[in-house]
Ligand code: CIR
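Below you'll find only one chain, the form predicted alone, shown as structure tokens.
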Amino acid sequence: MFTKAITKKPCKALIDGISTAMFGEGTPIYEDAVKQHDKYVATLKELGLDVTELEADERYPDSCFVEDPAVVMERCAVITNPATDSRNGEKLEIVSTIEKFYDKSQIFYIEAPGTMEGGDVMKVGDHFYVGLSDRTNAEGAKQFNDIVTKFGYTSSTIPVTEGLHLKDFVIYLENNNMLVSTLMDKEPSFKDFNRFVIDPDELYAINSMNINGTILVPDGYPKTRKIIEDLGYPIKLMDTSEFGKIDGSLTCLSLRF
């Protein structure tokens, strides 16, 4: 059960955020992004989380995607090593906040030549699936495994061959249920899960987010919404369309622990 979250306000420079245009075209409208982010934070609070809200940082256009520079869990935290130059400095800015919640003996770092971003790390119970992508390499995954196994966790790797991060194409909803893309449906590591394949025109909605039994679902994707509702989960629709223009989605916008 999550009790805490960390978020970071979007900066005006987000209009220059990295984008592949996979989930939305055009330049984000800053004022609309702020409103969407405020609603996101309010929803986390409504669901019982104590949210630490960090101020915007104009040096880093993508820094509202606070999930990427750190991976947090019950027993330890890992400061990642983002692969892109424009984002790498974000790891330094998150450390002081992580230190408020973890003893320094519980905080570890991915070191070069290893790279990692939190969007490639999906936790299922005490196991982590780590996506090998343009943002997370094999050395980063190895270092992560060496860290988390000291605390009783396990990890394995999954190739990410269709986009940015692992959690853009597979998400764990709990209760053995997963939302997956067509390619991730064929991934052998996921064969024992109840997999629900999301239509290609609703791929953005794969990145839904379970907060203590309630699923936050991107607004505007009715087929995915129905799948989740039919599974019996209560849902809250969230508009993150401005963040989609720079490859961002629901899980990207917070660290939850």
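Here the structure is a predicted model, which is why all the values come from computation and not from measurement. Just count from 1 along the sequence shown to find any residue number.
Keep in mind that the form predicted together with the named molecule is missing from the display, and what follows is about it.
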*asked:* Just to confirm the contact call: exactly one of 174 to 182, 161 to 169, 105 to 113, 72 to 80 touches the named molecule in the predicted complex at a 4.5 Å heavy atom cutoff, so which is it?
replied: 161 to 169
*Should Ile235 be counted as a contact of the named molecule in the predicted complex, where contact means heavy atoms within 4.5 Å?*
no
_Is Cys252 near the named molecule? Define near as a heavy atom within 4.5 Å, in the predicted complex._
yes
*Partner contact for Lys91 in the predicted complex: the named molecule, 4.5 angstroms, heavy atom*: no
*Is there a non-hydrogen atom of Ile15 within 4.5 angstroms of a non-hydrogen atom of the named molecule in the predicted complex?*
no
*Is any part of 234 to 248 within 4.5 angstroms of the named molecule in the predicted complex by a non-hydrogen atom, and which residues would that be?*
Ile246, Asp247, Gly248
